[in-house]
Ligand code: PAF
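To begin, one chain is listed below as structure tokens, in the form predicted on its own.
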Amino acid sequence: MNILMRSAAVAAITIGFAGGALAQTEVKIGYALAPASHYGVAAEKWQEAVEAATEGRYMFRHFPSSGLGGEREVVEGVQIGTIEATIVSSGTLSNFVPDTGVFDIPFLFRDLAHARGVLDGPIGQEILEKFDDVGLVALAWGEQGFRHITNNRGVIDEPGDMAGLKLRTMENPVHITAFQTLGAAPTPMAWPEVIGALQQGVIDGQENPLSVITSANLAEVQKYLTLSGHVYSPAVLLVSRQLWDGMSDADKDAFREGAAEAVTAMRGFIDEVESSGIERLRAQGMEIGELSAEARTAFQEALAAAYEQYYASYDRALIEQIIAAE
């Protein structure tokens, strides 16, 4: 091969590599928690599955721990296409698709199996489809688990213990209504601000699933944990409409199937935390209590006025259908 032919061959290879690089699409994925959380586990699995199925044509770039802002800001970024993907709590999403709020109604689900069955079934899938109307593509329901209350003021055994409790909540009208009805002082706050607010005493406590309480090391800033299980907290895996519309059908399948694998990993993480997290938190110094069956009934009765408000926002027949689902 003469020098001209060799030069042409090298140029062709270089152009090929450049073309491959140009063909690779970056997927910025933002989420609120640390890489070692259930969000991080799901994001890693999603990346692994998609990159393998597309032979690396999509490259995920992670922004954990609210690296791209709070959850609402990230969803807005996905909506306008400046962020390609996120795993986000349903509490924030009720600001975009109000019907997601039905799953945040207190004491709606009996256990994880009940909640997963509803979300994976027709009711949950129908709500995912509504994200199309606001320029978002919702691929699957993830989860965080059942929410519990932590605080620095004292033990919570009955509804009266909630009086005046300054409690961080998400920007979620369903949650806010519930805690106001119980006499607490709900304080909507973006997650990145919460640890500092707890340390400074701006708020007394917060409420989150064990998966968040453990991964965020809340035992360092909270003394009491009440296993209230008052609300089941799902999450959603979203991609931007701009990214989605530019994909081939095969790539869309890769993202859907990857999201399904991510959900399996996320739920596995939740199952592990539910079985081991309590002892871990107790070993870290938290004082842990659990609502008795009688106390749970008392809380449900105390929320009767809140339920009347929920019936004004959500179809009562749907709520009853969810409660009755096997």
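Quick note: we count residues from 1 along the sequence shown, nothing fancier. Please read these numbers as outputs of a predicted model, since none were measured by experiment.
Another form exists, predicted in complex with the ligand; not displayed. Remarks below refer to it.
Student: Within 4.5 Å of the ligand in the predicted complex, heavy atoms considered, which of 33, 281, 49, 291?
Tutor: Exactly one residue meets the criterion: 33.
Student: Taking the ligand in the predicted complex as the reference, which of 191, 96, 179, 107 has a non-hydrogen atom within 4.5 Å?
Tutor: Flagged contact: 191.
Student: Indicate whether residue 89 is a 4.5 Å heavy atom neighbour of the ligand in the predicted complex.
Tutor: Flag for residue 89 set to yes.
Student: Can residue 168 be called a contact residue for the ligand in the predicted complex at 4.5 Å between heavy atoms?
Tutor: Yes, residue 168 sits close enough to the ligand in the predicted complex that at least one of its heavy atoms falls within 4.5 Å.
Student: In the predicted complex, does residue 156 have a heavy atom within 4.5 Å of the ligand?
Tutor: Contact with the ligand, no.
Student: Could you confirm whether residue 226 comes within 4.5 Å of the ligand in the predicted complex, counting heavy atoms only?
Tutor: Heavy-atom contact with the ligand at 4.5 Å: absent for residue 226.
Student: Based on heavy atom distances of 4.5 Å or less, which listed stretch (207 to 215, 247 to 255, 117 to 125, 159 to 167) is in contact with the ligand in the predicted complex?
Tutor: Result of the contact check: 207 to 215.
Student: Residue by residue through 46 to 80, tell me which have a non-hydrogen atom within 4.5 angstroms of the ligand in the predicted complex.
Tutor: Read in sequence order, the lone residue that approaches the ligand (within 4.5 Å, in the predicted complex) is 71.
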